[in-house]
Ligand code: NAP
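A lone chain, given as structure tokens: the form predicted on its own.
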């Protein structure tokens, strides 16, 4: 039975196992495939992933915080997107070799209510998820500005991916705002940690928050109250997860089944 899993640290909060098993069940593959979660400590990451690739029990894994850049560095092969982004969230194990892909970029674009070609976007963060968002948006002709609490990181990522770093963004000036940071995951007030104010949003904007919980994040609640369109981390999870599952199985999973699973 081919194994699949999400790898991270921590990973107990992830809804990927339930979501992917729902998709496999809908496809009629639940008896052939299984999807779980592996919490791997940073000092063990490389050895554990190498073992998974060699042992042959796993067909692949999703990779989440904090391992997306390390996952790409381990790969024997990588897709064009993963190489360009500099991070991987999907690994496939083929005859002992590690093949890296990045479905975060496509997952973001599939989550949006429309493709923002020619528009202006603000990406908050500079990690693997931020790199995927920046690359995806720049690739379709979006003018992207990047903020990070460490300005040097924002400048480095922006320079590498064709965006521009910004120290004090004005939220109302952007058509799209994407929060890729973990701010809000532990219940903290995003407006104390991000360069945004609760009253800084406007209608016609699209606001994406990759953080997810039991209900809308404080960031998305404020954006929705201002009339902006919002996309939560669960929709991103579904869209990138569907692309990963298609890589591994060759089948097109049911988004409806996956959404139902993550919202239970």
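Being a predicted model, the structure only gives us computed values, none of them experimental. Residue numbers count along the first chain shown, from 1.
The form predicted in complex with the named molecule is left out here; the points below concern that form.
A.B. asks: Is residue 150 near the named molecule? Define near as a heavy atom within 4.5 Å, in the predicted complex.
C.D. replies: Flag for residue 150 set to yes.
A.B. asks: Could you tell me if residue 127 has a non-hydrogen atom within 4.5 Å of the named molecule in the predicted complex?
C.D. replies: The answer is yes: residue 127 has a heavy atom within 4.5 Å of the named molecule.
A.B. asks: Looking at the partner-bound form in the predicted complex, is residue 60 within 4.5 Å of the named molecule by any heavy atom?
C.D. replies: Contact with the named molecule, no.
A.B. asks: Just to confirm, residue 206 within 4.5 Å of the named molecule in the predicted complex by heavy atoms?
C.D. replies: Taking the distances in the predicted complex, the answer for residue 206 is no, it never comes within 4.5 Å of the named molecule.
A.B. asks: Going by heavy atoms within 4.5 Å, which of 76-84, 165-173, 113-121, 181-189 lines up against the named molecule in the predicted complex?
C.D. replies: In the other structure, the partner sits against 181-189.
A.B. asks: Name the residue from 49, 237, 222, 196 that puts a heavy atom within 4.5 Å of the named molecule in the predicted complex.
C.D. replies: Looking at 49, 237, 222, 196 one by one, just 237 meets the 4.5 Å heavy-atom criterion.
A.B. asks: Given the named molecule in the predicted complex, answer whether the residues 68, 210 and 233 all have a heavy atom inside 4.5 Å of it.
C.D. replies: Looking in the predicted complex, the three residues 68, 210 and 233 all sit within 4.5 Å of the named molecule (heavy atoms).
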